[in-house]
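Presented below, as structure tokens, is a lone chain in the form predicted alone.
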Amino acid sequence: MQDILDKIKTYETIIIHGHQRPDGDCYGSQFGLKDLITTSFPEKKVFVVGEKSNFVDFIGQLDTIEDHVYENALSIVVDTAVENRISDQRYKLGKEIIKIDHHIPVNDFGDIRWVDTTFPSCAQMITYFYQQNDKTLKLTRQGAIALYTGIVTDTGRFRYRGVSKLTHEMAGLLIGKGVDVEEIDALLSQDTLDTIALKGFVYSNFVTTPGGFIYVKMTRETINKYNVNDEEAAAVVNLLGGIDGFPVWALIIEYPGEIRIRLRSSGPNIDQLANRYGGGGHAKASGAKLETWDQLHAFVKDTEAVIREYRET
């Protein structure tokens, strides 16, 4: 953390990247870190770049910058374990690169790396970074909202494994900075009629296997039919969680040009399985991909093997 703080102090221009299809933790980490830096060092130029998240866009708005801005700039990549998933590959144009992440490492990119899988969210890491350097760093209410949103979304509102005493302490610190818990919960709980209809599709079209795997396929045709965006479609993954007899579940969703698997578990570790299919993540929550729909049969069999091994031990 000291090395990161020293680099932040050194550079006049800092550009913060996240991952493709950003979630609440990615956005929260990016904008929370930007707030920390700009509030603490007003003379610095700090930009957040990447893809837009409609779900949590109340946190902040992305910057649009030209390539020349990266000259003699510091690139910071948050919440991203896989290098090819970094949103906006121009991060490589920075003079130096810092990686801050809480996922199981896949690619060791970056000149300075702070990776700690004991943290349930990257936003909690940024909050801890602030707490440990509170004599130097400052944080506004808007920055606290960003970080709190990141913690809340990546912990399933404090329900997932990995939530600790420190998690609640960091959340409490942010509440002390002015976060309105009820307001954030209301913003994150809003549904449209279209997303309600999509949830109905999930409950009506899931597939179960004899080996204890439950999943739903979501094609482009389905996404278009229900008039939802990709972010709204991906958010329904946990509808299939907690069903008795099925410790592993997945949403297999077709994006333009690729098929992504949002894989979750309440039992066996599934990160190694995700690695075999071009992905990675946490032990109980990972992402992977299929080259074609024809590969789905093999993925189902491999998932059942993971479940079977877990049940036998």
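None of the values given here were measured: they were computed from a predicted structure. One-based numbering along the sequence shown. By rigid core we mean the largest C-alpha set that fits within 1.5 Å across both forms.
The form predicted in complex with a further copy of the same chain is left out here; the points below concern that form.
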{"property": "Full three-residue contact with a further copy of the same chain in the predicted bound form, heavy atom 4.5 Å, for Lys165, Ile175 and Ser204", "result": "yes"}
{"property": "Contact segment among 132 to 140, 176 to 184, 92 to 100, 78 to 86, judged by heavy atoms lying within 4.5 Å of a further copy of the same chain in the predicted bound form", "result": "176 to 184"}
{"property": "Any non-hydrogen atom of Val106 within 4.5 angstroms of a further copy of the same chain in the predicted bound form", "result": "no"}
{"property": "Residue contact check: Phe246 to a further copy of the same chain in the predicted bound form, 4.5 Å heavy atom", "result": "yes"}
{"property": "Any non-hydrogen atom of Asp191 within 4.5 angstroms of a further copy of the same chain in the predicted bound form", "result": "yes"}
{"property": "Contact flag, Tyr128 vs a further copy of the same chain in the predicted bound form, heavy atom cut 4.5 Å", "result": "no"}
{"property": "The single option of Ile223, Ala171, Ala144, Ala73 touching a further copy of the same chain in the predicted bound form, heavy atom within 4.5 Å", "result": "Ala171"}
{"property": "Residues in 151 to 166 close to a further copy of the same chain in the predicted bound form, defined by a heavy atom within 4.5 Å, in order", "result": "Arg157, Phe158, Arg159, Tyr160, Arg161, Val163, Ser164, Lys165"}
{"property": "Per-residue C-alpha change between this form and the one not shown, Lys284, threshold 2 Å, rigid core fit", "result": "yes"}
{"property": "Tyr27 C-alpha relocation of at least 2 Å between this form and the one not shown, rigid core basis", "result": "no"}
